[in-house]
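Below you'll find only one chain, the form predicted on its own, shown as structure tokens.
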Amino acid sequence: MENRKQAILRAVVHEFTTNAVPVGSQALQSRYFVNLSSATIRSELAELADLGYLAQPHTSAGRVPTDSGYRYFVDFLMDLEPIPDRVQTYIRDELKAAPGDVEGMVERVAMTVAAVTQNASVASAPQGTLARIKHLDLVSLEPKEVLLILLLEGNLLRQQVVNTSEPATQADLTRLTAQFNASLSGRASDEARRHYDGAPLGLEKELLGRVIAVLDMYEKGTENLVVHDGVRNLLRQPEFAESSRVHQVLEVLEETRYLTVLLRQLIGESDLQIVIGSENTSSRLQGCAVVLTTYGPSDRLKGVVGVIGPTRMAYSQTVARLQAVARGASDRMAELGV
């Protein structure tokens, strides 16, 4: 695309995303192109419309970007907007105060993204998150009944009554408790599995098996952990003035299993994905833009965080702030060992 057309398209996108009003040649001339005539700008606008990058809602109205126009802007013209110090401070303070467990961290990430982007947000837990044992207790209830108390990193408590195949005194359980804590405290679930493989048949192996079962349940739960926040932000956008539009987005956000799969499909192998309008595979999101990135404590453990909003989105600002939250969340999770 010629430089002048690029400049005009960039200006139309900026004006429309800011004011939500179709952009005319006079507005462009007075604010951006004082050295161009209105006739020249009108001619360029018409050519951009012929190319499919702009549309004219009504004969006498100005132009608005199409999905293709936004796509060209995002791919070739977008410069990330600098993040104000107050927003940087807010992001840092929010993530610093996040709970030390996966669920709490994912919820805080979603809340922070919604606040700084003023769109609806969505966040999934890093895939493959390992449960890490903080402390374990075994309490005798009956000769063949044991209360297993498992405290995971992040102060998550899991309790389960275990029926054993052989009697166990409290003295036996106290000895095993000390043994388990000495070998497993601060260790992830894969370490518990190695101890189980090497344990002799009997009470020790039986109880280790139940510990692993509790850890497995926790880890499988985090794989499907997806939270959202900020749907109220959509209500401020004119595109969502009709309640049916908001309901369509809510239907997607509240179908956890579907949303988990959708996020994985959209992000693919990339670290940043922007899906605009008709590019969305879900018909309920075809009037929206979805911006996603990855985050997590390591390259092996990655979750997805993103925003859903109108195609008339401040992409430069949204991407910059979304990536800032993702970086902050990754650093915080690595620091906490989440």
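Here, rigid core means the biggest group of C-alpha atoms that superpose within 1.5 Å across both forms. Just so we're clear, the structure is a prediction, and the values are computed from it rather than from any experiment. We number the residues from 1 along the sequence you see.
From this point on, the text means the form predicted together with another copy of the chain, which you will not see here.
- Remark: residue 165 does not count among the residues lining another copy of the chain in the predicted bound form, judged by a heavy atom distance of 4.5 Å or less.
- Another copy of the chain in the predicted bound form is approached by residue 157, whose closest heavy atom lies within 4.5 angstroms of it.
- At least one heavy atom of residue 101 is located within 4.5 Å of another copy of the chain in the predicted bound form.
- Contact between residue 95 and another copy of the chain in the predicted bound form is not found at the 4.5 Å heavy atom cutoff.
- Contact with another copy of the chain, judged by heavy atoms within 4.5 Å in the predicted bound form, is confined among 263 to 271, 74 to 82, 247 to 255, 199 to 207 to 247 to 255.
- Contact with another copy of the chain in the predicted bound form, judged by any heavy atom within 4.5 Å, is made by just one of 213, 87, 139, 188: 139.
- The rigid-core alignment places the CA of residue 171 2 Å or more apart between this form and the one not shown.
- Core-superposed comparison between this form and the one not shown: the C-alpha position of residue 161 differs by no less than 2 Å.
- A movement of the C-alpha atom of residue 186 reaching 2 angstroms or beyond is seen between this form and the one not shown when the two forms are aligned on their rigid core.
- The pair residue 186 and residue 92 separates in the predicted bound form: their C-alpha atoms are at least 3 Å more distant from each other than in the form depicted.
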